[in-house]
Structures are given as structure tokens and as C-alpha cells.
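As a starting point, one isolated chain is supplied in C-alpha cells, in the form predicted on its own.
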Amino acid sequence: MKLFTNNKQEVPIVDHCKPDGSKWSITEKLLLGLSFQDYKKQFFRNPFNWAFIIIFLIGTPILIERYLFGLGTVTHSSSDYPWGLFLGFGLFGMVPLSASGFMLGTTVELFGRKDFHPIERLALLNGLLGYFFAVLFLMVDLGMPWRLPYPMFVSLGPAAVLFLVAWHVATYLSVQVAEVLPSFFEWLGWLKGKRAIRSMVLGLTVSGIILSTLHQGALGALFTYAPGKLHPLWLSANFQWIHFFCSSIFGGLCMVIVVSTLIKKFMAWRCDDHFLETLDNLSLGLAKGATLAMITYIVIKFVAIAHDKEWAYLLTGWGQYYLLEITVAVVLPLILCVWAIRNDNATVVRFAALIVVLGIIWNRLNTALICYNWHLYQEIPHWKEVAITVLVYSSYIITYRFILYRLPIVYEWKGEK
């Protein structure tokens, strides 16, 4: 795409009018201002697209097999290990990394930090897509998605934590759709719709704070259903909810840093100068918030160990693995962030953020899979389960890229106030 942006005056599209004064059609906007032949040419020039084609050719038949013949044909799931990669990675991993929406919305709209406005829409989009694809992972695991309304509206279980999570995620997903709609309405040219959503932005922001706080903690509370299966170092009945909530704060902030870094590297043609020029300062600002959350998380983790009197477990092999997770996934990026903030080094912040993102996924896999049934045996995911996980996550990346190419997320739409 960089080749076309350098050679064509009319691309990238940043407003409704062409250089000659005529209006862009919806089809032309979808094709990024290129002819169909040029669009096809740039599609096949991108090596990432060929990788995605291979992933879809391998993964789609396996996904169909899962729905035709059941979960047992593609996973090793059993009564011992009911949660595999679909939930361990797709739900428990993607939801905390998508917490950026409510945090940046709160920062900009509620606390008035307009200096974070250039990255607010990216954080909101990251939250929306993360939650949406977490639900898709859940649907792959549960099967029969057409039955989803039944436990939510017909056979209710208001005393169950899972019922709480389901309703919170569903309502928060609706809130996030509304928060992202202004950029879509700008792209369409429907200013009345944009103004209608903007008039509700404060209520949407407050709703997002309440809903996200509750369900992030409720995801952790799900593990209290199996107190005898999960290793005591990864389970604290009194603190599990705050472990998940607190880790989602620095996980979501660091995910925005990682995504914005990738956009700057591979999609700079789509960004405006204001986004690119302020990105280093924005990354450092996000790192400051993530640092405070990491300190809080470490303190609470060891308070939980002291409260539950589990110090002896730290002297075992599992205890060493636990300390390795805390050191690599939290303490190391914390030290790197503190050094980078003091020395105004955005590059080190980005590296630390990548460690945090990988560390959050590691922690969730430990909690849902690796340290589950620790006194029995460790389950190795089926290769077909890995293939489906890669397929769904690739769909997430493709959707992310499709929206960023078109909607005014990392650039300002011109000609409108």
C-alpha cells in the first residue's frame, strides 16, 4: 500500500472529497481509493496476506469438523481439563488485554486528559475487537451459538458467576460498539449520528467503568469453582477477583502501546502527523499508569500468599515456577518502565509492554491450563485446537487491519468538526 500512497495523490482517503472536488462513493472508500485491479495487486503483494491464506486453508476445515463432529474431535478436553486454549487464551487472555477501552475513555472523557485523545479511538477499537473475538472463542468452545440467548434470557442463573460474566460482557460489548460508532459515522458522512453518540459519551464512559470493573474481577472468580484443582499459588479465594482486575489495567495499557508500535512500523501511511509525533509521549504516559498498576499487583499477590499462609509452596518446584512468572512477566517490565520513564526512552517502554502482553497470556494459560490439576498431570493441547486458535486470532488481526485502513482511528477525518 505504501507504493500506491507515494504515487497516487488521492490516497490515502482522509475526507469525503476527491482532489477534483467530486465525492468518494462507499465502494471507492472500501477499496481505499484504488481501482479493483490496483486493490487486488496490493493485496497479493503483501506477504502477510499469503500467510493468512495458508492459515485459513488449514484452519477452516478443522473448524467445520469441530461443529460437525463435536469438541472431542479437535481437543483433549475432559472432565479433568474442561478449559483449553479456546478459553485459556481466547477468553481469559484476550479480555484483560482489551481493557484499554474503558481506561482511555475514562482518562479522556471523564478526567479531561485531552492529551491522550490521539490514541483514545485506538484504545476503544482495541477493546471492542478484543471482547468481540473473546466471545467468538467462547462460541467455538461451547458450540451451538444459536442457543446463546437461552441461558441469558430463558433459563436464568443469577446466582452464578458465569451468568454475571455473560451479561456484563454482552452489555459492555454494546457500550463499546457505541463508543466506536462516531468514527464510522464520520467515514459515512452521517454527522447527526455522530452528534447523537457524542451526546451520550459521558454515560457510555461511566457504564464502561462499572461493567468492565465487575466482569474483569468476575473472570477471576470463576476459578473459585475449582479450589481443589488449581494450584494454591495461582488461586486465592479472597483475592482472585482483584488479581484479574489489577492485571487487566496494566495489560490493557501495554496492549495499546504494542498495537500502536506495530501501526507506526507497518501502517505509518495511514497515520496522520499528529498521531506519529505524539506517540512517544503517549507511550510514556501509558507506561506511567501501567507501572503503578504493576506495583499494586505485586503487592496484592504477596498479600494473598501471606493471608492464605502459602509461603511454603514457594520452596517447591511449582513455587519456583510461580516466582519465575512474577519476575519475568511483572518485575522485569516494571524495572524497564521505571528506567525508560526516568530517561524518556519510548523504545524501552515498547519492549517492556511486549513482555507484559506475553506475560498476561502466560499467566492466564498457567491459571486455566498449565497449573490446573497440578497434582495429577499437565495436558498438552491438541494440534487441531492450536490450528483453530490461530485461525480465530488471524481473523482478529485481519479485522483490526481492515478497520484501521479505513476508519479515522489513527488519523483525523478532515472537513468536519
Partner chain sequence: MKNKIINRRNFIKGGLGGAVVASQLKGKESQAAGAFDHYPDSMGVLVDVTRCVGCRSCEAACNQEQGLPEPEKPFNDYSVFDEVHPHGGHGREERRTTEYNYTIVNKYNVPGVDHPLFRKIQCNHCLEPACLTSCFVNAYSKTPEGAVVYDPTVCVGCRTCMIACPFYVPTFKYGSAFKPRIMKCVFCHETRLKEGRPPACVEICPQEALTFGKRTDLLEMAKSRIRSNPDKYVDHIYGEKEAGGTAWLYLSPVEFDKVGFDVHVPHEPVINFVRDFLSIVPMVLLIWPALFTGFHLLSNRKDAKSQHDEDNQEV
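Positions refer to the first chain, counted from 1. Remember, it's a predicted structure, so these values are computed and weren't measured experimentally.
This next part talks about the form predicted in complex with its partner chain, which is not shown.
**Student:** I'd like to check something about W234: if you look in the predicted complex, is any of its heavy atoms closer than or equal to 4.5 Å to a heavy atom of its partner chain?
**Tutor:** Contact with its partner chain, no.
**Student:** Is there a heavy atom of F44 lying 4.5 Å or less from a heavy atom of its partner chain in the predicted complex?
**Tutor:** Because no heavy atom of F44 falls inside 4.5 Å of its partner chain in the predicted complex, the answer is no.
**Student:** I'd like to know if L376 sits close to its partner chain in the predicted complex, meaning any non-hydrogen atom pair within 4.5 angstroms.
**Tutor:** The answer is yes: L376 has a heavy atom within 4.5 Å of its partner chain.
**Student:** Answer with yes or no whether G70 is in contact with its partner chain in the predicted complex, where contact means some heavy atom within 4.5 Å.
**Tutor:** Heavy-atom contact with its partner chain at 4.5 Å: present for G70.
**Student:** Just one of M267, A196, L110, L188 has a heavy atom within 4.5 Å of its partner chain in the predicted complex. Which one?
**Tutor:** Result of the distance check: L110.
**Student:** Which residue among A170, A221, M200, A346 has a heavy atom within 4.5 angstroms of its partner chain in the predicted complex?
**Tutor:** The residue from A170, A221, M200, A346 that makes the contact is A221.
**Student:** Indicate whether the candidate residues D141, L156 and A159 are all in contact with its partner chain in the predicted complex, with contact defined as any heavy atom within 4.5 Å.
**Tutor:** Checking in the predicted complex: D141, L156 and A159 are all within 4.5 Å of its partner chain.
**Student:** Spot the stretch among 247 to 255, 119 to 127, 177 to 185, 102 to 110 with residues whose non-hydrogen atoms come within 4.5 Å of its partner chain in the predicted complex.
**Tutor:** Of the stretches listed, the one contacting the partner is 102 to 110.
**Student:** Residue by residue through 216 to 232, tell me which have a non-hydrogen atom within 4.5 angstroms of its partner chain in the predicted complex.
**Tutor:** Sequence-ordered list: G217, A218, A221, L222, T224, Y225, A226, P227, K229.
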